[in-house]
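In the block that follows, a single chain appears as structure tokens, in the form predicted on its own.
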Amino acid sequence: MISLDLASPVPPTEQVRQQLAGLIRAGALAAGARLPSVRQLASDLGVANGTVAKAYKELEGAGLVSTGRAAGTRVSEGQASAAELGAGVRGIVAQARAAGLELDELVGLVAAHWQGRDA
């Protein structure tokens, strides 16, 4: 599933967090998928349990996973994959082109909506 580069300047906790977040966002880990237990993943990677526990806690804080005693750690529902987002973006780009908008105008519209204001 994931691997660590112990020669990397990126701390192991951050490597675990980045790789799992990438798998979730890419859709390789679907909503509801159960992640390995902290102990299991730590053992597989050859790191301390706290390394994996901290990564899971950060993923939970970002809303990517949820943790429950009986259910373990699972990918949160409602996580749109990159493929799903890409399909939506393609449709928006096609509409913008058809309407004669330039790229900077489309970016301005997206930025306005991202900030919670109508353009």
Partner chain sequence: MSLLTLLLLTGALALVVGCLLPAVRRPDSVVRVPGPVDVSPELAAAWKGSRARTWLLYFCAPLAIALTLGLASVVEGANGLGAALAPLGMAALVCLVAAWPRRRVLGEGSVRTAGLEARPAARFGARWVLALPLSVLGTLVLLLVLTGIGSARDATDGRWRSLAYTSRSGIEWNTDGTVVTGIQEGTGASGPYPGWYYGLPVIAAAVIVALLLVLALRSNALAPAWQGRGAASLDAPARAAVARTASLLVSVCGLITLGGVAAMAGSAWYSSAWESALEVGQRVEVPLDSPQQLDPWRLGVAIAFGALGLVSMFVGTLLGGVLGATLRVFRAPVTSDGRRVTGPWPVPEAAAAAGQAGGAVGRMDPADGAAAQ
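Take the two forms, superpose them, and find the largest set of C-alpha atoms that agree within 1.5 Å; that set is the rigid core. Quick caveat: nothing in here was measured; it's all calculated off a predicted structure. Positions refer to the first chain, counted from 1.
The same protein also has a form predicted together with the partner chain, omitted here; what follows describes it.
Student: Would you confirm whether the three residues Met1, Arg39 and Asp44 all fall within 4.5 Å of the partner chain in the predicted bound form, going by non-hydrogen atoms?
Tutor: Checking in the predicted bound form: Met1, Arg39 and Asp44 are all within 4.5 Å of the partner chain.
Student: Counting only non-hydrogen atoms and a 4.5 angstroms cut-off, does Arg90 reach the partner chain in the predicted bound form?
Tutor: Flag for Arg90 set to no.
Student: Given that the partner chain is not shown alongside this chain, does Leu59 nevertheless sit within 4.5 Å of it in the predicted bound form, heavy atom to heavy atom?
Tutor: Flag for Leu59 set to no.
Student: Though only this chain appears here, would Val65 touch the partner chain in the predicted bound form if you measure heavy atom gaps against 4.5 Å?
Tutor: Judged by the heavy-atom cut-off of 4.5 Å, Val65 is well away from the partner chain in the predicted bound form.
Student: Would you check, heavy atoms only and a 4.5 Å threshold, whether Leu23 touches the partner chain in the predicted bound form?
Tutor: Leu23 belongs to the contact set for the partner chain.
Student: Quick check on Leu103: with the core superposed, does its CA move 2 angstroms or more between the shown form and the other one?
Tutor: Where the cores coincide, Leu103 still shows a C-alpha shift between the shown form and the other one that is 2 Å or more.
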